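Just the one chain here, laid out as structure tokens, in the form predicted alone.
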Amino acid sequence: MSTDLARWQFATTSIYHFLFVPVTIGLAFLVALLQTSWYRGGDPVYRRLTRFFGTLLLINVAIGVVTGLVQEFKFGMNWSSYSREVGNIFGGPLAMEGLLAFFLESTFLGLWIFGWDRLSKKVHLACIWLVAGATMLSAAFIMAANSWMQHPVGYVMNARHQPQLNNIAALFTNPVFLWSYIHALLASLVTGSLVMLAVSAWHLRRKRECGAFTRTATVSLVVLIPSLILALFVGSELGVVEDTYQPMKIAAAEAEWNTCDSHCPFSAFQIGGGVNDQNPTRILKIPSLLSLLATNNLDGRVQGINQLQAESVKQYGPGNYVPNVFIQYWSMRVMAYLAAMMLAFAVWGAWLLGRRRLGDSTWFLRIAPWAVLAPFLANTAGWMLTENGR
């Protein structure tokens, strides 16, 4: 019971913390773009927009730091045994994040906040770009630590039978890290872009500074569409990597109880499919799509949950190695379906923008402030898929 409570507490803290992380990464990049436009053209409108969205960035940074500190404490409070066991490895990237990325971010963010009209325009612009780079660097160290938990590399077992890091380069060339880090950055750009688009739409609907907020809507759509397309591609490739190192995660994500040798279908949704339900009713099966997502081949083989459970028992001893299939199955679909809906919405916005009708589209402007919920739900579903299946 205490273990379950610790898991719920840590999961709740982590989910709450990650509501602010992608906003910080995405908005820092977008604010840097706005300030670059002001630096190059001297238009005071871009200066006002930079300061406006820069304020939203500062609020998210502050809350993200506070929630992140609580999360750090829980490594020692909730999972002290785990921290002692893998601290030789796991602590390295966390220390690098705190001592390098966080201090880099906070230092130049402070210079940026108090440097208006004190620093030269070029130095001040460099500060916000360094902040944007530091947020991405911070994510790299955190994702390196998380990826090691997904696929341990670069270590040996020491005399006390504890894993000890012996190749730090392996942490940052881990295939799981390379794909998951890029995926996290793209998800952050999507989140930041939709936040900017939602705020812009809210003002456009109320006819407040339409010229200014049409510009930020344009910037957000220009970043949003390619980021979503790339995120879908990278997510697909990450699935192939996961099938290589964590096949149980992929099998559970489709509730594939028995091995499928080739042309494995992907169900759009199903009824049933819980931990013990091995005969769910699958609706709208798409031929060969699961094989493609898991192996990059239409005739690829996907191992089943039952066979993987038997292999795990043989390798690690008696135990239940099956994750919560219901969570795996629906987390993947919530993430994928919301991404597709966001892309359709972004294309709609781009079409309206191209026809100079964005500011007059009542329905688009009404939906946009609510559409901002989609990336937060998709990000949470992605982490549930990742961690529940680990």
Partner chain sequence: MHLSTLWFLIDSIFWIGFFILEGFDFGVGMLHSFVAKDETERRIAINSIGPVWDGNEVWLIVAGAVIFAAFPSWYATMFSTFYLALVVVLLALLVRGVAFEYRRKVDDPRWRSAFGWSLTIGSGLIPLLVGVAFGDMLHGLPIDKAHDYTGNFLGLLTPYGLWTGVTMLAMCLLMGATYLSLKTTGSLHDRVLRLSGGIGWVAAVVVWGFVTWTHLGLGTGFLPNPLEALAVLAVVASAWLASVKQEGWAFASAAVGVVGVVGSLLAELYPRVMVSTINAAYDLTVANTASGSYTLKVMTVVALVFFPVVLVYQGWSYHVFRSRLSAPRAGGDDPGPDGGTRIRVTDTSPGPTGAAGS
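Residue numbers count along the first chain shown, from 1. The structure presented is a predicted model; accordingly, all values stated were derived computationally and were not measured.
From this point on, the text means the form predicted in complex with its partner chain, which you will not see here.
Contact with its partner chain in the predicted bound form holds for none of F177, D360 and W383, as no heavy atom of theirs lies within 4.5 Å. Judged by heavy atoms within 4.5 Å of its partner chain in the predicted bound form, the contact stretch among the candidates 229 to 237, 301 to 309, 100 to 108, 180 to 188 is 100 to 108.
Checked against its partner chain in the predicted bound form, the residues L343, I327, L58, A350 give one hit for a heavy atom within 4.5 Å, which is L58. None of P287, G319, G76, G211 but one reaches within 4.5 angstroms of its partner chain in the predicted bound form through a heavy atom, and that residue is G76.
For the chain shown alone, R48 is a contact residue for its partner chain in the predicted bound form, at least one non-hydrogen atom being within 4.5 angstroms. With a 4.5 Å cutoff on heavy atoms, V70 counts as touching its partner chain in the predicted bound form.
Proximity of I63 to its partner chain in the predicted bound form falls within the 4.5 Å heavy atom cutoff.
Under a 4.5 angstroms non-hydrogen atom cutoff, its partner chain in the predicted bound form has H203 among its neighbouring residues. Looking at 354 to 375, the residues that come within 4.5 Å of its partner chain in the predicted bound form, counting any heavy atom, are P369, V372.
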